[in-house]
Every structure is written in structure tokens, then in C-alpha cells.
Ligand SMILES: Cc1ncc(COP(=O)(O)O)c(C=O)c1O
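As C-alpha cells, one chain now follows by itself in the form predicted on its own.
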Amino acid sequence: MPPRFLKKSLQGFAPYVPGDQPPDGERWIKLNTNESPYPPSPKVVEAVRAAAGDSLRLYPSPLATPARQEIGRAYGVDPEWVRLGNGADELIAMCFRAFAGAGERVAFTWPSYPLIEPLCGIHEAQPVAHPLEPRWALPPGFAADDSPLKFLVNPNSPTGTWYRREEVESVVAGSAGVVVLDEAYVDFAPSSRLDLLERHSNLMILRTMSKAYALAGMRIGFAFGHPDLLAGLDLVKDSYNLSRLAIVAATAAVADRSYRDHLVSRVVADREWLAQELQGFDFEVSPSAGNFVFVRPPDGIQAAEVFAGLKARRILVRHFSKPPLDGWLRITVGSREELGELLRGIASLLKDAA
């Protein structure tokens, strides 16, 4: 599109670029986008197949009511405190539309989820990045920032850092506006902060079914918050933002809690094993509470070189070029077989560099 047709805020705009997504069927080891290494619950697949019939001619529930009800039961929350979106990304975009007007400030920590800053450009908001302290600690001025909309990712991506209850609550309690707590990876962490919801009406918690429920391809996110806060999302949402099949999948996935728990336990165990193996290669490994590890190669080896060398072996990991992330790699916890191939690839690269 010729730039003259774009609105001014998008001229020269750099959009968020997701990790490489090779075509289905190609033989790649994908450890770059934090997808599950295991399939979704068989009960989800069965439910989706059963729903793929005549009812697809009808619009879905506008508020994904069956899924809201099941999520409420599973998490011990009134369904009125639950909303769904086409992935957590749509819920994040809805928060921009509902709570931050053009020219208003949107605060977030950095480094963190790199979608947030581009969304500021799309919605003509003013980005306010608060650099993390050493070892990815929260900056002291973040809580006091008076922006009408604030994002905190916990566990943080790409660093994997998990912030304790006291740290999170200090941000929520010290904020005059809405605090969106993105818990996309919390299933792999010690605990969630759902316990703060009833105490803070300005808190919204986001979740996804892309990771622990192995449903990245279905694009299902859900939000917890006070009904008055969630009403803001209702004002700006698309009429039917989840398909019938996505609603069915979400309902079945949440109902099969034992499958989710088994998947999470396997990923957590393999995360700790992978961290130890990489430390054996003299990688610096940041403590992670996600389904990935965040690592820096040994002295004398550039992260970009490891990224390129693994890609040449058809192994994808994530490398962010923007400082202070340019020296680090984020590696998804894949299956043991995939991780074995990863480690053999790294061993070969280090040997060649010696």
C-alpha cells in the first residue's frame, strides 16, 4: 500500500513480527514460539469433531457463554468475572480500545512481550517503557506510573522471570488506572494471582489456551476481572469474536484438568533438565517459570551465531535483535527427542567455534 494512504501514526511503523512459522508438514524442530510439544486433550479433539456439523451455519454465542461457565467452574470464579477473546492478543488489543485513548500513556516493563509497543502505535497511544533492573527485577518507578493502562507480564516473556505476590500487588495497588496482568505462562509457574482479583477492581488477568492446553491453533484467550471492568471489553469487542469450534474446544479443554496437569508436569520437568544441560555447555540460564528457557551463550559466542547455526540445522529458536535481548536466546521446551536434537546441534556449533 502506498504510504500516502496510511494514517499518519502508521507511516514508518514497525509491526510486531512473530517467530518463524514454517508451512505444516516441513521437517523443522520448532522451539521458537512456545507452542506445546504435545497434542491437545483427546476429549478436545473429539468435541471439536462432534461440533463440526450443521450448527456451523449459525453464529456462535457472542460472549462464548458455555466456555465462560466452564472456566468459571474450573477456576472457582463467577462466570460474570470471565471473558474470552480470539487469543490473549485480541484481549490485549481490546484493553487498548477500552482503556487508553489516542495520545494517552500506556506503561509496560521492558524487555517484555514485544507486541505491546507496536499496539501503542496502532492505537495512537504513547508508549512508556520501564526498563527492568538487573536480573530482570521490576523497576521501582513502575508502580507509581499514573498511566491509565499498564501491562505486567508474569511470568515475563522472554526472560521467564516470575514476580512474587507482594511485587505484583504493589504494582496493582499503586496504579491509578487499569493493570493488565498477562499470565500466559502462569500454568508453569508457582502460582497465579487470581487471589488479588476481589481486592483490586482495577486488575484484569489474562490467560491463554495456547500453552498449557496445547491449543495455539485455536486462538483462545480468556480474562478474569471485576464485571464492571470487563464491561469495558464488551463495549469494544467484535460481535462474534470466537468461533463455535473454538468455544467447544475451550469448554472441553478446561473440563479435562487432569490432562492439562499432566502436560504441565512434563514440560516443567523437561525445562529443568534442559536448563541443567545448557549450563553444562557454559550457557547462562535465567531462572524461568514459563515453558521456555532464556539463555546467553558462552563468552565468545554470539547469540545470533547460535540462532543461525541451529536454523541451518532446521532447528528454530527465538532471537530478538533489540537490546538488551540481542545477546540472549529464548528456547521453547519441546519433547525430549526435540531437545536432544537441539543439544546435539549446540554441541556441534560449539565444537566448530573452538
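So that there is no doubt, residue numbering starts at 1 and follows the sequence shown. Quick caveat, the model's predicted, so the values are computed rather than measured.
Just so it is clear, the following notes concern the form predicted in complex with the named molecule, a form of the same protein that is not shown.
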Inset, instruction - Using a 4.5 Å heavy atom cut-off, state whether G87 contacts the named molecule in the predicted complex. - result: yes
Legend entry - is_contact(S210, the named molecule) in the predicted complex, heavy atom dist at most 4.5 Å: yes
Legend entry - 4.5 angstroms heavy atom contact with the named molecule in the predicted complex for I220: yes
Inset, instruction - Classify L242 as contacting or not contacting the named molecule in the predicted complex by the rule of any non-hydrogen atom within 4.5 angstroms, answering yes or no. - result: no
Inset, instruction - Name the residue from V254, V153, M94, L197 that puts a heavy atom within 4.5 Å of the named molecule in the predicted complex. - result: V153
Inset, instruction - Let me know the one among I71, A249, L203, A184 whose heavy atoms come within 4.5 Å of the named molecule in the predicted complex, would you? - result: A184
Legend entry - Options 142-150, 176-184, 278-286, 126-134; stretch whose heavy atom lies within 4.5 Å of the named molecule in the predicted complex: 176-184
